[in-house]
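Coming up, as structure tokens: structure 1 and structure 2, two forms of one and the same protein chain.
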Structure 1
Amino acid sequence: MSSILEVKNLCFSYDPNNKDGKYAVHDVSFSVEKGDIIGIIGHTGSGKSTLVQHLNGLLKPTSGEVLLNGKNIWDEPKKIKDVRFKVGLVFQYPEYQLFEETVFEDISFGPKNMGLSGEELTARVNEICEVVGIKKEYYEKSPFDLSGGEKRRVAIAGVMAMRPEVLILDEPIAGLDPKGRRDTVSMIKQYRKAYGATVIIISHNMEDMALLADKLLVMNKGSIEMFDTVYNVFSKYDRLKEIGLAVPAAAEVLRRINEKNSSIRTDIFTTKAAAEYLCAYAAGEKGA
């Protein structure tokens, strides 16, 4: 079996007795292949964040199960900590969880909890910093003296340092400026390339999703609305609109042009690809 992560009929209610029968997550099933990049999109309150907290065992399903490499993560509740090392979860605004005096110490926190120490620990931190491009001169700085974007990257590196097989990030680029965004996205890509890790990203930003993800999981009211390739999900324009989600702006623009001239394609979702297509179209028109 090649699925690294499998979720089966997961239901979750914040009320343990579930008197009112309301679920934050209801009957969710999906599986993730090793090395995939999955994007999760959905409204605020659609259950995205609740869902991902099940994947590393921070929340325990009311019913249903989560399988990591084919094994139910709750088979041995005492070893749930090991699951958290294999499935790294970066919360929204992770820079608020920084607490150590130096960048090096803060990135070491996760590996230390795994039981690493001494040279092994230093080697681990060095390695991850090299992979994601955090320079050595930052090691002794206080994380609180860094810029917003730098803090964010140190916090993410703190989770990456545990070298998780699955890396989950909740809105990793929210609130960053363009440079911070570029750096953060490239660091996620570098991590994936170096370790062949599986990546799951929650985001509101459809453009980034179109650029980054292989498949999109669309959440609506606690259930899965779609789980398909980026192309197929963004092609269901009307349904996305119905549940209050947008398609990337480039696709939206192409649709408007298509209303005027139906020979224009509407199935291009990134700005770059749309620009290339339109230029090629213009050249073709001229040639004809």
Structure 2
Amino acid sequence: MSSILEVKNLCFSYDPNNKDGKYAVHDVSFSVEKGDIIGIIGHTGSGKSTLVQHLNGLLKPTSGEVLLNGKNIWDEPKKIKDVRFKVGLVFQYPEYQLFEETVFEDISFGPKNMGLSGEELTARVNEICEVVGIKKEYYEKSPFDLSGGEKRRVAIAGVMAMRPEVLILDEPIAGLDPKGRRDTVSMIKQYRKAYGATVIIISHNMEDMALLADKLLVMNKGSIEMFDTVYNVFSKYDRLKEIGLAVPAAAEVLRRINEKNSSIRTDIFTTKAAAEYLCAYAAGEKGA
């Protein structure tokens, strides 16, 4: 597979003159393959949000570069808007950014900015709503009359409607109830499946990262601490703890049981899978 995004030696300082020599992001390099779901984790202030704002040109590197499909996104600064159509960024609590009078108008706002209109615009909105499960009966409703989870669903759909090749979400499930979390996770999976999109997610919820991500990028003090498979990252239990992070609760429980019974697996990271494994184990199916 080929890389859709590549970050090379990225450094960024919020001080244009960088007089104190401090960087919010320092010497970060990694690549993302088409179709991957990448989870970004790290303690508060580790540089996660600063990093992803470089991926669609909201921030410009102090040094280093970001390549999209092999081309530096800042080669033609006047075309940076086109990059933002290809790399869609959903900020934390996107429902606070809703502003149109109806759900349809809010979802169609991004595609309108891309130049779509008339039947083409309606087709685009219909298509994304079908993919992510927003019914047409919602189209004429005010987004402000929806529940918190529904508002977020509409806000995320508005970015998805631009059909970005790369979709970046900053804490997409923060503050949602269990149903809202499940719906949002399903929405992300459906978008990726429908369009073969690459997805990058920032989250503090380790179980959701285990459910969604192909690989995890761990940020620490503005630099990359790890970039590896979910299993390999969560296997570094002691190091994660040192930098203020944790493994999913299910893995923590299995790890503690394993300290008493070494035959218990520790490579299971979701509550459902761990419960099924322990039930099977108790019933004598140790190979489950």
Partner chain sequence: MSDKQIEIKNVTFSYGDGEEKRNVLENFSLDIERGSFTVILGHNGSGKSTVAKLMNGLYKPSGESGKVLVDGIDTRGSEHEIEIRRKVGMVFQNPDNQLVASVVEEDVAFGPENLGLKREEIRARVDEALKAVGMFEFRKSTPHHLSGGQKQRVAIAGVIVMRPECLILDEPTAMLDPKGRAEVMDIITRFNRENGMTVVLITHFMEEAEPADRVLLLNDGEIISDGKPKEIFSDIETLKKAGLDVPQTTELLFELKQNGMDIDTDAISVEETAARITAALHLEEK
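By convention here, residues take numbers in order along the sequence of structure 1, the first being 1. Rigid core (definition): largest C-alpha set, two forms, superposition within 1.5 Å. Just so it is clear, the model here is predicted, and its values are computed rather than measured.
For this session: Would you indicate whether the form predicted alone is structure 1 or structure 2?
Result: Form predicted alone: structure 2.
Exercise. Does residue 11 count as moved between structure 1 and structure 2, where moved means a C-alpha shift of 2 angstroms or more after fitting the rigid core?
Worked result: The answer is no, as the C-alpha of residue 11 shifts between structure 1 and structure 2 by less than 2 Å after core alignment.
For this session: Any chance you could measure the C-alpha shift of residue 279 between structure 1 and structure 2 with the core superposed, in Å?
Result: After core superposition, the C-alpha of residue 279 moves 3.0 Å between structure 1 and structure 2.
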